[in-house]
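Structure 1 and structure 2 below are two forms of the same protein chain, each written out on its own as structure tokens.
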Structure 1
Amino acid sequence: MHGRPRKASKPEEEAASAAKAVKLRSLQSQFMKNHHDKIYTEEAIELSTKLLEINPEAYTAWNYRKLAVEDSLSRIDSDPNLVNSILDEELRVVESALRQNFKSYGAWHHRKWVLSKGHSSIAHELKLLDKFQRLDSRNFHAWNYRRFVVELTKRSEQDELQYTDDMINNNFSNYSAWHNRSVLLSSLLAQNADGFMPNERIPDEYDLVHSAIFTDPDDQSGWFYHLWLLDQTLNVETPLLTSSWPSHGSTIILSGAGCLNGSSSKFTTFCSESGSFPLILYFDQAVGGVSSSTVTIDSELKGNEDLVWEPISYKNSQVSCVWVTHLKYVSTDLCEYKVKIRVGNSPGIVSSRGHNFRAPYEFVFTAHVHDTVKDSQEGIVSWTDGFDIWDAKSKDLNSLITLDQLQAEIDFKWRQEAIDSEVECFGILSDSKIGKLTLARLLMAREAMVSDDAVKGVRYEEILQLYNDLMALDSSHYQYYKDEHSVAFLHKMTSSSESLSRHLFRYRGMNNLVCLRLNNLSLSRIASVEKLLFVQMLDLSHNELHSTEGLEAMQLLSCLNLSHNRIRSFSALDSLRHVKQLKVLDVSHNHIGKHSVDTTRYLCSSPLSNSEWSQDDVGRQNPGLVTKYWDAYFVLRDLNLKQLDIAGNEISGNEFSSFVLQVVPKLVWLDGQKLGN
């Protein structure tokens, strides 16, 4: 482990080990009797000492000694000398055990416990740690204990940072020292301590880690610290609003359920049975506190005085990047309404890291309310016919989404300079796997900061090629590189209106729905959804997706094609439970039901721990089928599907089809066949 090969045991060592085991069993038997009978005599305590000298990992023995210490302290007067004598003995036993096994969890935890009793020898601990760390400078137990002692002694973080300097300069491969350095710097940077402003300190840290990386490019310690530095360079503590739907300056058409006669509008048409439409806010990091007091809405639309904002998260968290509320409208009130949204004028929106939203933003859109003049269509939705190509030269896309215009004014200059310097530096190491990966990450970071349309997206081809090279060079991490390649491709595709429009279409069959076609692209991961909030129809067929994580943000989505992917269960579709507009879902020709062991099943609750499934009609009438198909049940019951395709999966068959019809009673089309009443 850690580059230190194991040595084969010699015969005399094996004999000594066998004798040690015999002695250990004898001691354990007598010790357990003392522990069970709560015997805390000197002889019994000495027996536990001998046991720990042989096996420092005997957790029960350490816990016994805690009970023995408490018993001893309860029977003496509060004489400091007597107290220290008892605690000194515990520290001696711990030190002896650590000499046997420097990585004993139980020993280090017991030493912490002794010091927490208020022992007076805390100042001695750092000297002892120095001695231990000279024996093994990378031992993370010692470093963890060091942080504990430093906190007790109130030693300054600057002094500890200098200590990591010394340890790193002595051995660049000291991963624990690099990690401790990141912990200390995170605190000092957050405090804006003197000499620790990010724009001043982080460039110096890059210079330090270069010394380690270029001295030994094969050692991982410096690379991990470099990755942490990259995160610090990109990290903007204040949460930002990155996109919304409707977007600023856009126009939407609202109507009741059904289709508009001859609808050919370039605007987004939204038909709703409930007489409401979603208002979506997408932040660059998870936030809480989005409410009617922190987001104000000025509109003549009636009935929107007390709006409830909900976080969209498959983890059911109260913080999320995506927040949604629903604005009501009356489909018979044919009129044009201006809607003004103010985000963050009042304090209260706070990131999961505790930072306040400090970039108030205001956007305005127009809502046209039209009456429905045709009955709702129940024809089958086709993924092959009825699409009109998007005119790439038109400016229709600007009415649907505003790309990269919701960013607050952030000082990116020093960040850009730091990233540019790193790109130039690591270009010479691009022949190695870690060098290629680091360069790809740096280029992605640089692209995220580009605001000039003339140069935006120019490095994506290089990034994609780097991940292609990595997939060929390092098969053991192929899936990771594949996922990152997919993320880079989707960032490239959404980097400009021109590139995005190549994948956009209008579907004539349903009010000219905006359709995004990303089929046959070998995608294994979904990304850049913050720029796709306007999409109503999404074709992801013939890819390599394993789940739908990320699609929960696309609240306008009514039609989704996931056929010919690598989805292994319905629980991998758990995020779709939040997409309330979804009417058409195609998951045909996946791997659902094929694998007996399903690692995605824990994305949603199991009926074994949730009894609510037995409270509805399906659960009461068919408890056996609900238990058998619980993941499908928990996903499908929350959807209002009219069309579902599941053919070509191991799970498909008469029994499952019958079950689906009970769970989704409003279904009209199943596997291409229209259902009876």
Structure 2
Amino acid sequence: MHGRPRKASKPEEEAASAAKAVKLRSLQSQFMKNHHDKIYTEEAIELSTKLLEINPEAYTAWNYRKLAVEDSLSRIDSDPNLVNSILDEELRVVESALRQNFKSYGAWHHRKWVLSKGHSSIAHELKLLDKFQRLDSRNFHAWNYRRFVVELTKRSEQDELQYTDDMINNNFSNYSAWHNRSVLLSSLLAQNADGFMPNERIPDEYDLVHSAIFTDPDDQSGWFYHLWLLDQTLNVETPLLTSSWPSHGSTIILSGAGCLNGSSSKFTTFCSESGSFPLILYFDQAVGGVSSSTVTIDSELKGNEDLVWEPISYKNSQVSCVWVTHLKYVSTDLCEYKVKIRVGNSPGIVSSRGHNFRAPYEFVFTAHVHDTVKDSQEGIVSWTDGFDIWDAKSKDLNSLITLDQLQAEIDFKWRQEAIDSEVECFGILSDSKIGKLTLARLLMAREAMVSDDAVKGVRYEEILQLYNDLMALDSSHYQYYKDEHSVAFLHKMTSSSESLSRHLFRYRGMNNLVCLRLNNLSLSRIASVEKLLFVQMLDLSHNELHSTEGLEAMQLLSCLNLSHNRIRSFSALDSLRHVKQLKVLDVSHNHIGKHSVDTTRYLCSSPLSNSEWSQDDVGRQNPGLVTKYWDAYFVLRDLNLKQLDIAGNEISGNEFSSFVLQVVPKLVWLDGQKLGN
């Protein structure tokens, strides 16, 4: 039961419980002997009954009874009357055990087990449940069992929904009831049952939960349910393509290694030593099945018939939001090619929740291939000068618009209306922490749905202010609010070409690379990456980042500045392993190596058990250092860095520098020093 203070026991009660313990111990040892000797006589079973009536938590005794029941059932030739009497006796024992403790896992499980063997009256089960749920309406065991019984009886989900109505009306601080409601509604909505179309039903549910939240904002149940509803409103089951690089209608310039300086600054220039460039697809949810059969490419670029698509995933899974392939080009023919991509023409792209990609999308871009003079100049990349102001007319920002066009194709109307009315509703309840947080979440959701340029992005200031307030109000969740603040800031920045271009530059030093400078913004998390796929150079210095998670989608990224952040280990840079173009990395002035205990380290299997590295040259030559710097080793080994800055970390020093040189033999610049060959 809830909200009842525990009373200290009186001496006589303690004496009684000591006596009970003695009795229990003797019962227990007798019982264990029976169990061990597989004795299933009436007396032996009776003994287990006694034990369970005193202590329903004796799980072994429940298991023993299961064996005993199997034993007696095997001996009676399935006479239905006898079977029922044996099972009814079990149900009786469970009932009296539950009376002793109706939160006994073992007892509830035994009851389920008995019912699965057969039963005389299922109607009795619902009556019994009503009794238990009246005693404690929030008892989740009873609710679990209820779902089980309902399934057996084929009671309709609508009836069960009505039952949750009644329970909630009785006392809306019943999270179990709200939860059951969400389970039932999920099922009914998924079936599109009569009267359960999401666009009609979800707004009704909002009305219901508003009453709970507004009546008692201090009660959590309603807020949880609201969060679930919000999720139902925002979640589009069908996966959608949110962006791509190159984006629709864009022009890119491709050239060989060591590209020409001074090429037209209006386009993204991509240089590659390998004669290929990435093609990135970014989906709104993790999908699998992206392949040359589900994505077709029409172009005159030769040799791209059997493309291999790779999921860019933090974990090694076959589903991901980001998929990339590499298109080959031959730099000798100076030419212009049109490339046409069709995503999802034939079925096969499926979300991790099993929904098909159903909105085929087609986009076209132009690729100019430049023949270039080989120039192996390898100057140091500076983060302080050599930047030109962004030309606002550039078509690279098309990717921002593409997203909205995609969304507009799906019917968002009721979702938009639902969120709009939520925003209006929670505006008046924003004096509490959870009220502020909900409003901030709603406003974020709203901004994500708005496609009208006139009202787009107008609420971001408010969102940022709400998170600022929350950081001040609720220090124990400071980091969460901080992260959300960063996300909101990045959404705001990418909400329009104007705001984004304020942070964009061209880096003269390396063939007019597109550079995004987000330094000194106290960012703690990376977001909106899907709109930044074209970025080749990224300055995130002087922020509060803990990890590079999210950056793996930025396949064009060749220079990254993470100096003066809060990176605590190389494991936090793990996502960079997917960024194959990365040449320049600055992680100076972080906390790498400061904490002797690295929590992520304990989540990884021991590097010593990994067979990969032991066959490696470096591993063979210097196993001691690899063991010591294994996290650095795993990340750096997979990168093709030319320039690395590591100074200002606890880990840096001569030993580590020499280790780095072994792992990254192609490195030219280390901590600003050119390395001699």
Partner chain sequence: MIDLPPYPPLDPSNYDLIIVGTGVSESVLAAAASSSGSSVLHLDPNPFYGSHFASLSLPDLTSFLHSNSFSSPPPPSSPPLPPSNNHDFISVDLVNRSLYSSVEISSFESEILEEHSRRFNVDLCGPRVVFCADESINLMLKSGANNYVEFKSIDASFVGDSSGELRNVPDSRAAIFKDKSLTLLEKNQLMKFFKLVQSHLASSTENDDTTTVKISEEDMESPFVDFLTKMRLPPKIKSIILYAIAMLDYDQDNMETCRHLLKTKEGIDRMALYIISMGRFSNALGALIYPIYGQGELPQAFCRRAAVKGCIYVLRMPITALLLDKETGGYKGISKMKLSVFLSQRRLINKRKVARGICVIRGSVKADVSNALIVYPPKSLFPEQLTAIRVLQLGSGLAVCPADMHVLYLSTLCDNDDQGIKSLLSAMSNLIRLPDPENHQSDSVVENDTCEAKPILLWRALYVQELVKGEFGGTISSMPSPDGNLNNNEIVESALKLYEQLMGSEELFKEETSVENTTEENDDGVDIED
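Whichever C-alpha set is largest while still superposing within 1.5 Å between the two forms counts as the rigid core. Treat the numbers as computed from the prediction; the structure is a model and nothing was measured. Counting starts at 1 with the first residue of structure 1 and goes up one by one along its sequence.
The chain as displayed in structure 2 is taken from the form predicted together with its partner chain. Once the rigid core is overlaid between structures 1 and 2, residue 73 counts among the residues whose Cα shifts by 2 Å or more.
Core-superposed comparison between structures 1 and 2: the CA of residue 340 stays below a 2 Å shift. For residue 661, the Cα coordinates differ by under 2 angstroms between structures 1 and 2 after the core has been superposed. In the core-aligned comparison between structures 1 and 2, the Cα atom of residue 50 sits 5.1 Å away from its counterpart.
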